[in-house]
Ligand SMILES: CC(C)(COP(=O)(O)OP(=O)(O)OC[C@H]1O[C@@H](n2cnc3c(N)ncnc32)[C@H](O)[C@@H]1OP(=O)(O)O)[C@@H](O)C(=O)NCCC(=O)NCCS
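The chain below stands alone and is given as structure tokens, in the form predicted on its own.
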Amino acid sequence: MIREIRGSDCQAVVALWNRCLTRDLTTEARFAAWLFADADFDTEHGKGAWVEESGGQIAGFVRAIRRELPNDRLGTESSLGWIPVVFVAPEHRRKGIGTELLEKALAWLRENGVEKVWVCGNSGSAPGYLFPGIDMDVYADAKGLFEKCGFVTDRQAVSMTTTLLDYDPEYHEQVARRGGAGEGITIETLSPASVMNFFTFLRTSFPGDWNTAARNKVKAGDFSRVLIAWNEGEVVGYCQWEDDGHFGPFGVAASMRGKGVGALLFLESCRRLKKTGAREVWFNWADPGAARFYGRLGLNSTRTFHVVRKDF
């Protein structure tokens, strides 16, 4: 039996989640924040998240998302839908449960006007984002399920990391500056005086959830973990990070890419992370072009994902 999720399912769903998604463990508190506290989730009716119940036990779970609130200036992106996660208990696999759950989610999205569905996201700012797509090292069986339901691989993405214990930002900066790259670029910490320029840059270059993430930093007064790059009086790039070494969001204006701006931002953030005692720098998502950029700066791939999509 497939039915909408209830609050009382939380413990059982999380327990099954941790059995199935062994590289992406969660807690009841984190699950509740991710699902029940999400403004895009209908807590009154539970629509958008379903469980498969078998013999009184939760045998599977799926979540589907369509935006209820605008994605900054991109609006609700009404033609797009997302399925960030689906899983089935190992002992219940190959019985059609995964297909039933996925088809339930797809039917709901289609009924609500969605024309393209992403698993797990079309960008790092996708709603409900947990990881870019299907981790082919541990969840490869899921790819067959999605292909059965008409999904195709859109592209690949990787997670990357490097230790900061012996990392030498100065060496990598010397390499990055060869040929005059980075000339005229100034990197500085975001300040109250530069916030207007910063958000003008974001509005133009990166409309969407990155604006929300940056606003949250400013609203929290957390200026010290945001860097901006200036060129001829204009903000042309930025990055932010967390004390655990998580790097991003990170972006450079299209007209300034390939000119050393991104390298200078990343390397300065590494210097500051090292000073706080962070042992590594890491992020969840890089498309192939970005992965080559980070590889030149000494980062290594840790996970490989297939980003898949279905067009109705």
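Predicted model only: the values in this text are computed from it and were never measured. In this text, residue numbers run from 1 along the sequence as written.
Just so it is clear, the following notes concern the form predicted together with this ligand, a form of the same protein that is not shown.
Novice: Could you work out which of Lys95, Arg203, Arg110, Arg215 is the residue within 4.5 angstroms of this ligand in the predicted bound form, going by heavy atoms?
Specialist: By the 4.5 Å heavy-atom cutoff, the listed residue in contact is Lys95.
Novice: Could you spot which one of Ala142, Ala176, Leu106, Leu190 gets a heavy atom to within 4.5 Å of this ligand in the predicted bound form?
Specialist: Result of the distance check: Ala142.
Novice: Given this ligand in the predicted bound form, answer whether the residues Val226, Phe250 and Leu264 all have a heavy atom inside 4.5 Å of it.
Specialist: Checked in the predicted bound form: no contact with this ligand for any of the three.
Novice: Does Thr99 reach this ligand in the predicted bound form, with heavy atoms at most 4.5 Å apart?
Specialist: Thr99: yes, in contact with this ligand in the predicted bound form.
Novice: Given that this ligand is not shown alongside this chain, does Val86 nevertheless sit within 4.5 Å of it in the predicted bound form, heavy atom to heavy atom?
Specialist: Because a heavy atom of Val86 falls inside 4.5 Å of this ligand in the predicted bound form, the answer is yes.
Novice: Could you tell me if Phe131 has a non-hydrogen atom within 4.5 Å of this ligand in the predicted bound form?
Specialist: Yes, Phe131 sits close enough to this ligand in the predicted bound form that at least one of its heavy atoms falls within 4.5 Å.
Novice: Please run the contact check for Arg155 against this ligand in the predicted bound form: heavy atoms, 4.5 angstroms, yes or no?
Specialist: Looking in the predicted bound form, residue contacts with this ligand do not include Arg155, since no heavy atom lies within 4.5 Å.
Novice: Could you tell me which stretch in 86 to 94, 182 to 190, 233 to 241, 159 to 167 has residues with non-hydrogen atoms within 4.5 Å of this ligand in the predicted bound form?
Specialist: The contacting stretch here is 86 to 94.
Novice: Residue by residue through 1 to 23, tell me which have a non-hydrogen atom within 4.5 angstroms of this ligand in the predicted bound form.
Specialist: Residues within 4.5 Å: Cys20, Leu21.
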